[in-house]
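Shown next as structure tokens: one chain only, the form predicted on its own.
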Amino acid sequence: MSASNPSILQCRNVGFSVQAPGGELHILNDISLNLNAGETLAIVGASGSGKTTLLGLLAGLEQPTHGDIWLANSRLNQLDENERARLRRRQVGFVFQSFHLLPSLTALENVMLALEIAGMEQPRQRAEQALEQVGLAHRMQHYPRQMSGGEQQRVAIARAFSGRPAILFADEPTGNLDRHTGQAIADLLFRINREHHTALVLVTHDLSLARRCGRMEQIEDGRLLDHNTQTSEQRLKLVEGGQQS
């Protein structure tokens, strides 16, 4: 790790379990990974493998049952819920498969609200700049119902990076979009990654999207596959096989 490219995310021996009627259910086991500033990482795996659960843990939305996670040099395990929320507001952006826009607010107001909650200065100016950068300068006063799915996702992306987060978590960001629109959204995410040096973590079933990331991790039965025994292409073939079965 170099001083010019420091670690933004570290995960060490993390596990996550829940209580079920039949006893304790282990969802994630012994997960360890590291991500440096500006890097891109795809997390892939079959449905139910634990991808979204891992994303929630990495972002501090949930606490691991055991193990440690550091986000932006803060150990999440040692922060209470309010402290984790403050860290997310300052360091983290989110993009989801469902756009999660407030229907009663315009595009500009949706982005401004996130900035105001985070206590950012000049929220209107920042929101306008973010929407311009995603190509929606002409749609700022439109409501979500007046926009296409691709436009709504662009608003969600503008909201996610308007505060210039250190890391962006995206959970199936192209899942509700047609192929052409999904490609445009993917291009936008990677452009933001390059231009703003924002680390990007993608959970996706879209293998063409996963291949665009600098690294890929595959989860199977709550564990990361061994990098020493399988190449990225071999892991992708396993995922492809699982999706076809």
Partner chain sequence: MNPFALSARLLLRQGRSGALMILAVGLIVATAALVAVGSFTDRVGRALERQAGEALAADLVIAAGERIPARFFEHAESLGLETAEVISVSTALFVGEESQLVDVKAVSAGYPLRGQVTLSDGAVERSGREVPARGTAWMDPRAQRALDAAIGDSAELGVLELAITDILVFEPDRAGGGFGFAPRLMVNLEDLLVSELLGPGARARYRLLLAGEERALRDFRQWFGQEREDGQRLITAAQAEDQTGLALTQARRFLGVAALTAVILAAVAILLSALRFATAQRDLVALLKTFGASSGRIMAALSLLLLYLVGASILIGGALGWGAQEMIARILAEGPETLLPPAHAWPVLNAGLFTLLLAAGFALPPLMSLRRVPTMRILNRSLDTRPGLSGLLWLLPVLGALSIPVVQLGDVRLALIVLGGSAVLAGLLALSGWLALLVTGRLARNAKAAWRFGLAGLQRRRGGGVVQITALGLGLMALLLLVVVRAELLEQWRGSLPPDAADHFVINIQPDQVESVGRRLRAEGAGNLQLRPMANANLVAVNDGPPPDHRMAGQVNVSWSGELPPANDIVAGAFHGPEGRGEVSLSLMWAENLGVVLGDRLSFESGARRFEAEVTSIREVDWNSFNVNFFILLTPEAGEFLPHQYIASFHLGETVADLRGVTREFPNLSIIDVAAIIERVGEIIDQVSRAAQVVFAFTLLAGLVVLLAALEATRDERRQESALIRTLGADNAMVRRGLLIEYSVMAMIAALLATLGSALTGWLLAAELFEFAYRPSPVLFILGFVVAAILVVGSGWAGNRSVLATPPVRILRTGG
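Residue numbers count along the first chain shown, from 1. Because the structure is predicted, anything quoted here is derived from the model rather than measured.
If you look for the form predicted together with the partner chain, you will not find it shown, but the lines that follow are about it.
> Heavy atoms within 4.5 Å of the partner chain in the predicted complex: which of the stretches 182 to 190, 213 to 221, 41 to 49, 58 to 66 has them?
Among the listed stretches, the partner-contacting one is 58 to 66.
> In the predicted complex, does A137 have a heavy atom within 4.5 Å of the partner chain?
Close contact is absent here: in the predicted complex, A137 is far from the partner chain, nothing within 4.5 Å, heavy atoms only.
> How about E151: is it within 4.5 Å of the partner chain in the predicted complex, going by heavy atoms?
Close contact is absent here: in the predicted complex, E151 is far from the partner chain, nothing within 4.5 Å, heavy atoms only.
> Is A114 close to the partner chain in the predicted complex, meaning a heavy atom pair under 4.5 Å apart or at it?
A114 belongs to the contact set for the partner chain.
> I'd like to know if R89 sits close to the partner chain in the predicted complex, meaning any non-hydrogen atom pair within 4.5 angstroms.
Output for R89 is yes: heavy atoms within 4.5 Å of the partner chain.
> Heavy atom within 4.5 Å of the partner chain in the predicted complex: which residues of 76 to 98 meet that condition, in order?
Stretch hits, in order: E81, N82, A85, R86, R88, R89, F94, F96, S98.
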